[in-house]
Structure formats: C-alpha cells, structure tokens
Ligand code: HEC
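To begin, one chain is listed below as structure tokens, in the form predicted alone.
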C-alpha cells in the first residue's frame, strides 16, 4: 500500500543548511560534480538514469546506498519510520504507484511525514519511474514477491500474498432474527515467503425455539508458504489445524480436530484487473460430527483509482462452492458481488461490503450481507495516515 518515507526539505549542503522549494536543484549543486554550480531546471531534467537522479536528489538524506545518511549530516531529526531501501521486508510490499505518489506529492500526499518533499516540479514522470526502478535494485533478495501481487482481498477467497494485517469479517443473515457469523483474523509475515495466520470465529445463532446462542467457534492456526511468484502471478499453499474450541451444545463448532489444506493463486490482468482462485479440503479426525469437505472459490475484479493518491475502489465478483463427502450430497454454490474501498490516505485501512446469494441448495441457506474491516498494520497504526 503505502510507499516508503522519503527525504526532507532541509539539507546540509557543504558547511551549512539550506532551505528552498527547488530542493532537487540545491542537492544537485552539492552532490553531483557534473552539475556543480548549475541551478536551472533544464539541467536537472537532463538526468535520465535512475541511479544518477537518486545520487543527485535523494542521497543527501537517504544515503548513497539507500540505507540513510548519517544523522550528523542531514540537519533534521529522522522520523521513526525513516526507510532503509536495502531492507527487502520493508520495501517489496509497496507498489510502484504508491512510491510514485510519494515522490511526486511528498510524504503528506500519502499520509506520511511532511519532511519528505514533493518533486512534482523537479522531476518528470519518466524520471520518477527511473528512480523507482533504481530503488527496486537495492533489495538484493529476489525471493520476496513484488507488492503488485498483493491483490485486493475478496470476502471469501484466500489471498496468495503473505502479509501482516488484521481483518474483522462478519456475515449477517438477511432474515428476521438473523444469525451472525464473525471472525477475527490475524496474519503475520514471518519471512519472504512465509506467513502465520490465526482465525478466531465468533457466532450468534438461534435454535429452533428462537433462543439465542453465542460463543467462540473453532479456532484455526495455519502456515502459508509462497511456492511460486513471477512478475504477474503468485501461487501459495497453506496447511492449518482447526481446534475444537467451539460450543458444540449450542451448535457452534464441530467438536473434532480438523486438518485443512488449500492452494491460492493470484494473477494480474491488463488495465488493473485481476483474478484469484482457491482450492482446498477440510479433513476432520472423526466423521461422526463433521464431514470431509472439498471447496473452491474464485474472484475476479478491477482496481480503480482517481489518481495515485486518491481513494481506490475495487469491485469484485466471487463464486464460492463447497461439497461434503457424504452419500447423496450436492455442491453448494453461491455468488458474492462486492466492492472494496480504501478509507484513508495511506490506504492501509479498507472495507469490503458484499451480498452472498445461494444459487443451489437454497433451503436453509439464507442470503447474507458480508463485510470486513481490514487494517494492514505493517504500514502503520490504525489512526495514522488519515490526513
């Protein structure tokens, strides 16, 4: 989501501190021997190499290797989130479009520190793209999937990208005295391709007499592993154990330990469109109270931005299916139209709202309003990046 936090307006130049709106030109005269003494915009725009532009306009604060200049030379107090561009874990999750927004509009444009200035007047779009391409080379570990593969999260289909976020999901039946199924999901990226996931469900159900039963369901703990990632596609596998922690007397939980496994796939398409797939199975240790199941899910969508720093809308459409391995069972198939929207400048707080409609085996399976609130806490606190 949000790009890394870039350089400030205030620079130490030779033996003193200078201020000025033409920040790049000030640094050019200091950092680049070939441009020493030149302070005109055409000279700055003559640079085409991403590395040359970075050394001339960014290294004064970010250091020649992207690890940050020494505190004694930059003349300002570094924010706690000052970036290290060689840190693959910190840079690879970010999208090129988000880095482009920060360089163009400064830190404030993306809800980061205003110390990072805008280079809108100093750099052309082609120069900004060249700088981003250079920054990407500073991460030497190619096992990290690129941030563009972190596709918008559907309501039901599990993503393939490993990340660090918290999601609260709820499904409310569209009926009188509706049942409510909710879940708190916690995801923590362990390494370049591994992620820990914990899901804690909570349900409010009604029995045949209308009596309300509430409680925690079966808690799941899983480990995701990226097995393949290219520029436009990603494939992951996940294994999990589902613990019998639910209130079985109230109809919440299966009462048996269940092992689950699934594969997730994401594919970028032209024009900011994408598709995602998931195929998996749940295998309980005993089939007396819970059946073995096979499930598959698919989502197609498109992300729409007004501009690089504007709100992003992602309409999606899902097909969701599952089938129990019991005699005479048929597959449940649902459709789920939905849309996700970012709420703040940093775009790390998002909501998704959809409507799940059964198309087969509709008896006893009501339509549901489904929604989630997502906090990508890797990019900062919940109340950060709103203005």
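Bear in mind the structure is a predicted one, so any value in this text is a computation, not a measurement. Numbering follows the first chain given and starts at 1.
Note that the form predicted in complex with the ligand isn't included here; everything after this is about it.
Interface residue among 161, 99, 277, 144, judged by heavy atoms within 4.5 Å of the ligand in the model of the complex: 99.
Among the residues 303, 113, 194, 283, the one placing a heavy atom within 4.5 Å of the ligand in the model of the complex is 113. The shortest heavy atom separation between residue 81 and the ligand in the model of the complex is within 4.5 Å. For the chain shown alone, residue 262 is not a contact residue for the ligand in the model of the complex, no non-hydrogen atom being within 4.5 angstroms. Proximity of residue 94 to the ligand in the model of the complex falls within the 4.5 Å heavy atom cutoff.
Using a 4.5 angstroms limit between non-hydrogen atoms, residue 76 touches the ligand in the model of the complex.
Remark: none of the three candidate residues (189, 200 and 222) comes within 4.5 Å of the ligand in the model of the complex, counting heavy atoms only. Just one listed stretch, out of 314 to 322, 349 to 357, 328 to 336, 51 to 59, contacts the ligand in the model of the complex at the 4.5 Å heavy atom level, and that stretch is 51 to 59. Of all the residues from 115 to 145, those having a non-hydrogen atom no more than 4.5 Å from the ligand in the model of the complex are 115, 116, 117, 119, 123, 131, 135.
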